[in-house]
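The chain below stands alone, shown as structure tokens; this is the form predicted alone.
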């Protein structure tokens, strides 16, 4: 693939392109690093066309240069982020990785990757990989989080995913908060580079640190999850740092609580709040929020079709994956991808209610965790809340709320307060039967597992 399709061409040497910590390279240095890395890889591996290659790193100047080099050489890339290391062996075996490329994120742009040859790995062939190899061009394998089962490997021809970046759009200085091995993070990177923007890679994803980077670099675009944005608001990081440079705050990966959206609109008045919709299996679609404080979103884009069947969103797109390496396909015979997301529809706009696999069945009644979470988050002294189901011999499941508070509070008083407030806003079967209180840091860990699941359909 011609790498100029992913970079602003011709490059502007004076403009920063990627920053991580104290290391910043401009666009011309990135182009030179891509060429140098291509030569280094082909000298050692020969042709990379169709070679299944893992790229184990986080966003950094050298890892991005290596990613672009692999794309230019038409390799089939399996990105693996540091957070995915516990599943690394499963990823390698399932994808049939032939060569591992390992890069320490702090490595300088002048450095070289570490290669681990195929002889150390058990290889499993797969017909979907063979399709990409036969058709030529780069490929991509992305894995779901596996929080509801074994992680599934989605196989893509990469060119259809990259096609939308050929159209030039506004250039932003962008915070790279999303993950290296999910399409949300890669989409952010390619959008930034293809428009001549400045991509800020993170050495930490703590809200305080991220807010400090927004202030330091006068960042204009912050893609994030609702959980991260709420934590930033609760911790007050947005007040300790100047975030007035933010023009767009985009959010996705999980349902946005209405109260959190209203809080963001009030606390970040100069930023446009933009809901996004994307999945590992289809990529990130063009989207337009009805308004800054609305959860209704229009989804589509050139060549994209959307429809609702049995209250479930389905998508037909040129960028839909070929299928899973290790699970049945959720794609219909005529090309519609069943997302697993339940939605309401109002004309061209949709409201994402939640993942079908997350529904809590209470005596035959369906409960969306996001709805209950949104109500509880309206309450005073609530820092965050995660709602889930727990087995029950009489009703099948009961609703359970795990809550973190801003200021210390008696647990019994909190339980009574939550149940009373929910009773005023929700049907009886939606009221949490159990309410437990944990520290915010512990709840954030639970929440991040849900966020990773929402980055893919993961309905195993």
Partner chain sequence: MGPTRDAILRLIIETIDEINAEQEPDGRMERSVDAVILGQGSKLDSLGLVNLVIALEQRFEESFEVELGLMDEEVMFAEPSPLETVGSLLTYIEDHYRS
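Numbering follows the first chain given and starts at 1. Think of the rigid core as the biggest set of C-alphas that the two forms share within 1.5 Å after superposition. Everything numeric in this text was worked out from a predicted model, so none of it was measured.
There is another form of this protein, the form predicted in complex with the partner chain, and it is not shown here; the text below is about that form.
- By the 4.5 Å heavy atom rule, the three marked residues 299, 366 and 377 all fail to count as contacting the partner chain in the predicted bound form.
- Using a 4.5 Å cutoff between non-hydrogen atoms, residue 46 does not count as a contact of the partner chain in the predicted bound form.
- For residue 344, no non-hydrogen atom is located within 4.5 Å of the partner chain in the predicted bound form, even though that partner is not displayed.
- Proximity of residue 62 to the partner chain in the predicted bound form falls outside the 4.5 Å heavy atom cutoff.
- Within this chain, residue 70 is remote from the site of the partner chain in the predicted bound form, having no heavy atom within 4.5 Å.
- Comment: the partner chain is not present in this chain, but in the predicted bound form one of 35, 433, 406, 28 has a heavy atom within 4.5 Å of it, namely 433.
- Of the candidates 259, 87, 287, 98, 259 is the one whose heavy atoms come within 4.5 Å of the partner chain in the predicted bound form; the others do not.
- Stretch-level contact analysis of 231-239, 131-139, 211-219, 315-323 against the partner chain in the predicted bound form, using heavy atoms and a 4.5 Å limit, identifies 231-239.
- Counting a residue when any of its non-hydrogen atoms is within 4.5 Å of the partner chain in the predicted bound form, the hits in 393-409 run 393, 394, 395, 398.
- After superposition on the rigid core, the Cα atom of residue 367 is displaced by 2 Å or more between this form and the one not shown.
- Annotation: Cα of residue 409 displaced by at least 2 Å between this form and the one not shown, core superposition.
- Positional change of residue 26 between this form and the one not shown stays under 2 Å at the C-alpha, relative to the superposed core.
- Compared with the form shown, the residue 367-residue 253 C-alpha separation decreases in the predicted bound form, the change being 3 Å or greater.
- Figure legend: C-alpha atoms of residue 234 and residue 433, shown here, are separated by at least 3 angstroms less in the predicted bound form.
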